[in-house]
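A single chain, nothing else alongside it, follows as structure tokens in the form predicted alone.
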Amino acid sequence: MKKIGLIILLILLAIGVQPEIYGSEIPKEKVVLVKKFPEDGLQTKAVPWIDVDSNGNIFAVGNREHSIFKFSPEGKLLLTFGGWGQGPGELQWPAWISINNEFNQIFIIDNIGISIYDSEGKFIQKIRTFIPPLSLCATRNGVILLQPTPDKKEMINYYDRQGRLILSCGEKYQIDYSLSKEIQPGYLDRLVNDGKILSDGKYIYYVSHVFGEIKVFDFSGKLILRKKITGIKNLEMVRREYEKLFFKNGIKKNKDGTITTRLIFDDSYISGQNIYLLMRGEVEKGPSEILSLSKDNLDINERLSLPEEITPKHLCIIKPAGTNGGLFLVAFYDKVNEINLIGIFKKGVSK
């Protein structure tokens, strides 16, 4: 049998076919829900973006409510701030959140710019943004934004707290706009470069949620490392499918005029020595997963399978996976009870 296999391999190579040589995958471990809140569901019409401060308080972004909800580590609602408007501290369709844990300051993207609050919801300042960001990451000295546009090669912009541009870096994915004539170039740039900006204070990380690739830059803008995530066969197959779609066939509108969003990951988070990725269940045709990657080499070191009865959308880490099994905070849609919730998950047996 070994000889037959070798003969087939030699034939394939002779005719120019490159067979896929694939090793064993990292086994999955289950994580279980140990706590959810509020029990009667969040008062949000969409699953909220989330982050946690250095005291363990949890902040959730209500996009359609134009408000931010603060919960204690035990899940008790402490306060609500923001509200519809254009005045100081008011919001319009807020989305991503990033907390600077050195100062416990909360950075929120909305349609107007970046609003900054203290941990008690007191408004500090607003940074205007004229290019709508796809993601943000708060730093000690400012904020890093993912802002791809057709007229600029770089997609990552770093601003100080006064809104002055410090650095632009990170070449965006180049797309032939003529392949997708039905869609505006600006929107195509947002589709193909969708992802998350992360930072540990030393490096800037761009995680492509479309192609499952990570690029690492230093704070001078130099590319330090670029790597496609490997080790999951279906992920690599989906990536090739999306690359073909975006770069060869083009994106088309659906019959009803909508555009289907194509993503491998829904969210990313950095904590300790690891980067955590929330992988969509569609990739493996099963439950969504949390992938833990080493910051050093971007290799997968852990695969954690979430319960099947939830649709998770956003992720942050309370304790890294190596700390007593890890604690993962996930905002999700409960498919059984049809409500939005925030849950604390961990490896092991549920209480």
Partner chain sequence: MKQQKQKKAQILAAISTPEKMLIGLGILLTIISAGFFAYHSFMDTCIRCINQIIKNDSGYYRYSAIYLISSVNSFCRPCAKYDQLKNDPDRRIIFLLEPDYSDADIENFRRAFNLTSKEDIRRMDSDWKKIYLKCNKNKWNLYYNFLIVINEGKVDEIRRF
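Keep in mind that this is a model prediction, so the values were computed, not measured. Positions refer to the first chain, counted from 1.
The discussion below concerns the form predicted in complex with the partner chain, not included here.
- By the 4.5 Å heavy atom rule, the three marked residues F107, N141 and C169 all fail to count as contacting the partner chain in the predicted complex.
- Although the partner is absent here, F81 lies well away from the partner chain in the predicted complex, with no heavy atom inside 4.5 Å.
- Proximity of S199 to the partner chain in the predicted complex: non-hydrogen atoms within 4.5 Å are absent; the residue sits far from the partner.
- For the chain shown alone, Y159 is a contact residue for the partner chain in the predicted complex, at least one non-hydrogen atom being within 4.5 angstroms.
- For K152, a non-hydrogen atom is located within 4.5 Å of the partner chain in the predicted complex, even though that partner is not displayed.
- Exactly one of the stretches 95-103, 82-90, 236-244, 254-262 approaches the partner chain in the predicted complex with heavy atoms within 4.5 Å, and it is 82-90.
- This chain appears without its partner; in the predicted complex, the one residue of K248, R164, R226, K76 with a heavy atom within 4.5 Å of the partner chain is R164.
- Among the residues C137, I127, V192, I232, the one placing a heavy atom within 4.5 Å of the partner chain in the predicted complex is I127.
- Residues are counted as partner-facing when one of their heavy atoms sits within 4.5 Å of the partner chain in the predicted complex; in 85-117 these are Q86, N111, I112, in sequence order.
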